[in-house]
Ligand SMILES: Cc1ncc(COP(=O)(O)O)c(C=O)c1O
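Starting off, we have a lone chain in the form predicted alone, written out as structure tokens.
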Amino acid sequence: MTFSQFGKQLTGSSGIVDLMEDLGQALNQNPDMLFLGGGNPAHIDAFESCIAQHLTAFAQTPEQLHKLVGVYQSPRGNETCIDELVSYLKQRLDWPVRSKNIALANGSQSAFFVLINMLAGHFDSSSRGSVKKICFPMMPEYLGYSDQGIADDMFCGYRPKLALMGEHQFKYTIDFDQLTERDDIAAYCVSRPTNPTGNLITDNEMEKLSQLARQQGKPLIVDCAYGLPFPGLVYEKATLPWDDNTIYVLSLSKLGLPGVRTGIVVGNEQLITNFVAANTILSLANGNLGPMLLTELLKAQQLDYLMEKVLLPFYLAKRALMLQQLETQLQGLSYRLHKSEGAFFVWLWLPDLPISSHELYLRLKARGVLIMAGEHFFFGLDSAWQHAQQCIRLNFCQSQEVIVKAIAILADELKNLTEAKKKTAKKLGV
């Protein structure tokens, strides 16, 4: 069978496909695997009990059940849900939005596919014409963006500045000196908090980035999957002001609803109108379950309670456990942790790692531990960077038992590698 260029683009080697295969095997086929990879949110009983109550109500109310399974939604998405979102965003963030500023999608991954290919790619009828790119001002970034462009070479990115903090901590910051205006940039994009590092781009950085994008006449896309306004997994003070040049992409996944596949796009009316048209062609209609659940959470004023009293304390405790285990188990090793400011990841930098992060991933997988190799998250750079080979991402959503066991195996593997490196150096007389 021969595939088109589009087919080859979507069926070739892909970091996000590998990630989801590992996730599926760990969660469904091999439950004994110690899973610190992937982006699956934690299983939180209090949250799922609340969702169960709403699902029961849907099932027991014929009118609601019919709306859930028996009708298509309009192209923009569930109107009741959008109206509730308008009220919520006005109240919580003071955004001057109307229903025409919001559209729903079947997951934020699908929403990004539409946005990326609407804004970037070829701008003439020739497939060989010049390509405009999505620019990531600060790598590393979410690897799920990397294979979404239907044209070749649709992404570019810049190295961050590294601020060292104490003996074992550091933080990435945007190097604005690199962000000179380029004709081949169609839009800027950031995740906040950043997947994979848990970095929270500061309010000051966001303001400067917003101003720069507006001055250059480029839209700014902000992926809010882990942050404000929900699920609110933010561990530092932050705001999210409205800007009609900015496209905000929200998700229900990290609330604890990855299976309902619901994304939300908020932006200026012209952008949303065009997004709805493209999304309708690709998806016909959006799913009903996610929007109906969100509607009930908003109507019952349960969303903020769940975020502030259930999700945030849970993840803060998990973060503290993983950081404590890393500090204890990695004693004597050379390492730095990115300052943990949001999401549910720890980003570990191993400056003296004698192998690549992918090789470390394979070694740990053979020992029953899944992590994410950091090199996948630097896809936008125009030249190799050794730092990209020295980082790994760890997910702290698992049980205490899993975290303790997995970090112990990670530490043991790193110590073995360090000892092997010393022996090799001694033999060579280095």
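Note that residue numbering follows the sequence shown and begins at 1. For clarity, every value in this text was computed on a predicted model and none was experimentally measured.
This protein has a second form, the form predicted in complex with the ligand, left out of what is shown; the following refers to that one.
Give me the residue from Val265, Leu200, Ala225, Leu85 that has a heavy atom within 4.5 Å of the ligand in the model of the complex.
The residue from Val265, Leu200, Ala225, Leu85 that makes the contact is Ala225.
Would you kindly say which of Ser108, Ser340, Ser357, Asn279 lies with a heavy atom within 4.5 Å of the ligand in the model of the complex?
The option sitting close enough to the partner is Ser108.
Is Arg159 close enough to touch the ligand in the model of the complex, meaning at least one heavy atom pair within 4.5 Å?
Residue-level check for Arg159: no, no contact with the ligand.
Check whether Tyr188 has any heavy atom within 4.5 Å of a heavy atom of the ligand in the model of the complex, and answer yes or no.
No.
Consider Phe155 of the chain shown here, and say whether it contacts the ligand in the model of the complex, taking contact as heavy atoms within 4.5 Å.
Answer no; every heavy atom of Phe155 is more than 4.5 Å from the ligand in the model of the complex.
Are any of the heavy atoms in Arg336 no more than 4.5 Å from a heavy atom of the ligand in the model of the complex?
Close contact is absent here: in the model of the complex, Arg336 is far from the ligand, nothing within 4.5 Å, heavy atoms only.
Name the stretch: of 245-253, 88-96, 309-317, 200-208, exactly one has residues whose heavy atoms fall within 4.5 Å of the ligand in the model of the complex.
Result of the contact check: 245-253.
Assess the spot marked by Tyr142, Asn195 and Arg261: is the ligand within 4.5 Å of a heavy atom from every one of these residues in the model of the complex?
Spot residues vs the ligand: full contact, yes.
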